[in-house]
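In the block that follows, a single chain appears as structure tokens, in the form predicted on its own.
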């Protein structure tokens, strides 16, 4: 990162933490959790112990981190090396990210940055300037992306509360600060699950490994009455809605399913995981030693804040999580697509100097598509 950019982000993040201490707290059972942080242009520092908000605020102002993390796990000795921490349990956390949804709009807000010469252009096979194929993708998600993620979160909530009988008062939703949301389950029996048991839970939520026998089609003598109904609870009802569409089509569809055979039905169930399975990140949920971005902190990939969502359907991250001030900043920007923050559109820019609000400058510098002007 260029010196001007580094200085700008450090000063901006420090000012944010000074202005927004009220948003940043140590979570419940803080003494049992591990903390960590990263600084701009440096690696991770972890295995820390913070007991109070005062400890946390002191760490933020002293170190000016680019990112701040807290464990989902609870330990007897959180500040010791992993093998010596003595794991007790871990919050069950789900990560749903726009990049995993494969939405059609994504092609409209992705550009590429050449690793060799830093040229930014629309996505293509090679850098148009130096012809290198060492390329990084840069995503500037849109409201449609966020709507898609919200839909997945709401589907997950139905499974957690209806299928798994988790009390919604023990579920918390947070915007991640970039392209997705985190769903936390605390104070439940599922917090005792180890990694292997969590993988079984992941298979259930993602609707993986479904078998025909479970959904009405045994190997021998399938019965028309054994297929699921649209009013059934859990996955039976979801499969029925996806398979039949409506009650009026159920009988005709069952006839075709039986005629096509069990192997074809197995394939149909396999395909359904893409349409009715919730698209959670398996690696995140199965990891009982992971450290997650702390709520209230800034995300160095965007300059947006990770915030708890009281009403996810109304929550607009590009307004509510955009908390850096709007003081004008001179930047040199070069990217071929546009984005919106605080109901203001920015871009495209063709290697030009321009003045933008500080929150937009931080967003673009964090994304690597602009630099602070040296003049």
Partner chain sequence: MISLGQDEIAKYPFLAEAGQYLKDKGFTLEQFATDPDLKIIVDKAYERIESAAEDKTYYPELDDPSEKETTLPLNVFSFLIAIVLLKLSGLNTLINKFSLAEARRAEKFLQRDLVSNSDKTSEEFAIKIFRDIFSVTIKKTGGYFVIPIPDYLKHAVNFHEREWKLVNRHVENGMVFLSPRESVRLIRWKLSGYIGSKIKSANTPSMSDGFEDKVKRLSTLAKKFVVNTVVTGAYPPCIEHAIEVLNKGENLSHSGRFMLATFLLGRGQTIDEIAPLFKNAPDYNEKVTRYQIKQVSGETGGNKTKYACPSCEKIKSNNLCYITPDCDNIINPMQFGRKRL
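Positions refer to the first chain, counted from 1. Here the structure is a predicted model, which means the values were calculated and not measured.
FYI, the form predicted together with its partner chain isn't displayed, but the following is about it.
I'd like to know if residue 225 sits close to its partner chain in the model of the complex, meaning any non-hydrogen atom pair within 4.5 angstroms.
It does not: once its partner chain is placed as it appears in the model of the complex, residue 225 has no heavy atom within 4.5 Å of it.
Can you tell me if residue 184 lies within 4.5 angstroms of its partner chain in the model of the complex, counting non-hydrogen atoms only?
Although its partner chain is absent here, residue 184 would stay clear of it in the model of the complex, with no heavy atoms inside 4.5 Å.
I'd like to know whether residue 265 contacts its partner chain in the model of the complex, with contact meaning heavy atoms within 4.5 angstroms.
Residue 265 lies outside the contact set for its partner chain.
Heavy atom of residue 196 within 4.5 Å of its partner chain in the model of the complex:
Looking in the model of the complex, residue contacts with its partner chain include residue 196, since a heavy atom lies within 4.5 Å.
Can you pick the stretch from 108-116, 164-172, 301-309, 250-258 whose heavy atoms fall within 4.5 Å of its partner chain in the model of the complex?
Only one stretch qualifies here: 164-172.
Within 4.5 Å of its partner chain in the model of the complex, do we find a heavy atom from each of 203, 207 and 215?
Looking in the model of the complex, the three residues 203, 207 and 215 all sit within 4.5 Å of its partner chain (heavy atoms).
Position in contact with its partner chain when the complex is considered in the model of the complex, options 147, 189, 133, 79, heavy atoms within 4.5 Å:
Among 147, 189, 133, 79, a heavy atom within 4.5 Å of its partner chain in the model of the complex occurs only for 189.
Just one of 235, 244, 74, 292 has a heavy atom within 4.5 Å of its partner chain in the model of the complex. Which one?
Residue within 4.5 Å of the partner: 235.
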